[in-house]
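Quick setup: one chain, the form predicted alone, written in structure tokens, and binding and motion questions come after.
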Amino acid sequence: MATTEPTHRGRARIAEPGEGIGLDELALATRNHGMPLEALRYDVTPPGLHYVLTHYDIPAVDPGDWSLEVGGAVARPLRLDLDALRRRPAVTARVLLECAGNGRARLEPRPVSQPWLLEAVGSAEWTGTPLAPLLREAGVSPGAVDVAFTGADHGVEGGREQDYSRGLPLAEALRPDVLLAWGMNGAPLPPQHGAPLRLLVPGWYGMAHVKWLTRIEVLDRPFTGFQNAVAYRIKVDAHEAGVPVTRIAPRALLAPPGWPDFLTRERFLRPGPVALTGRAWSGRAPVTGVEVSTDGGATWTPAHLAPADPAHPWTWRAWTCAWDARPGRHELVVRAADAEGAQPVQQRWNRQGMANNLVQRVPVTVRQ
């Protein structure tokens, strides 16, 4: 009997033309749920509606046995249990998280991975202690350049067995708003959100917010782990190095108006005045405006954007726009802009489907 060399099914690839979502992608989608877009009504996303992405399994972590190690290029390595961390100064911050692959499934050709549409987002109130004082207490080496964060989740990705681990430049890790968080919306972290401890890096895509945190290692060299050097990079050609994914690009989402068709999710509504509402955000710079189109992008109307809240600089902002809905079919489009530019109306393709902030398009039928 002839045999063939086995191939690793988990290798990254691009879907063939016309290829539908496969069972492996469907299995990922059932594990990693998005936020229903009607939940844009909440300033703070309830934990059960907040998006979830788990690379491997949700690890079984006993908070009583758990501890956090701080080591590497430091003068005084530390080991702290959860009680010791909770005794440190605590803060609560409202921070938006968005998966770097949000919108991936809408790209053509489609990168085969977690098939996010637009719902990989949420904004919660996270409670924890700032990371920077802990690093200073450990005594960061003068030659340090990066900090690596490792979680308890273990698996295989890209053919490599690994603990999930991400690196940050030291300057980012020392920001005063970077947190070691043990609480979400006034309660302990749920298991799927990283209990007992996770990292919070406001403004960065979700891959940086390491869950089930067990080790922090200060490095005197750039971090070259898989999740930095191979995954989460923006590149078009498979053989180029690409550039790393970092801060969240601007995005606005519309809470779909009216009511949906069960299967297609097409929206229906009555004619007359309609208040279109949604949220906008950016991790690069403050949002400067939101525009809405009711004719597929042919014309645009400025939306009313809620003022920025100095108490919550890293969350989303509400917007509203009045629309006189006339009978017929319409395509609603919404885009946000920050100081560095606006959302694109045409896709900017990359192999991993990362940082894709292509505008949202919502088909609507206004009934007679």
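The first residue of the sequence shown is number 1, and the count goes up from there. Predicted model only: the values in this text are computed from it and were never measured.
Beyond what is shown, the protein has a form predicted in complex with a further copy of the same chain; the following relates to that form.
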item	value
Among 239 to 247, 71 to 79, 116 to 124, 87 to 95, the region lying within 4.5 Å of a further copy of the same chain in the model of the complex by heavy atom distance	116 to 124
Heavy atom of P191 within 4.5 Å of a further copy of the same chain in the model of the complex	yes
Partner contact for H55 in the model of the complex: a further copy of the same chain, 4.5 angstroms, heavy atom	yes
a further copy of the same chain contact at L28 in the model of the complex, heavy atom, 4.5 Å	yes
Contact test in the model of the complex: R41 vs a further copy of the same chain, heavy atoms, 4.5 Å	yes
Output flag, R136, R279 and R317 jointly within 4.5 Å of a further copy of the same chain in the model of the complex, heavy atom basis	no
Residue among R175, K235, H154, R284 with a heavy atom within 4.5 Å of a further copy of the same chain in the model of the complex	H154
One residue of G341, P63, P47, P313 in contact with a further copy of the same chain, assessed in the model of the complex (non-hydrogen atom, 4.5 angstroms)	P47
Stretch 93 to 113 - residues with a heavy atom within 4.5 Å of a further copy of the same chain in the model of the complex	A105, R106, R110, V112, S113
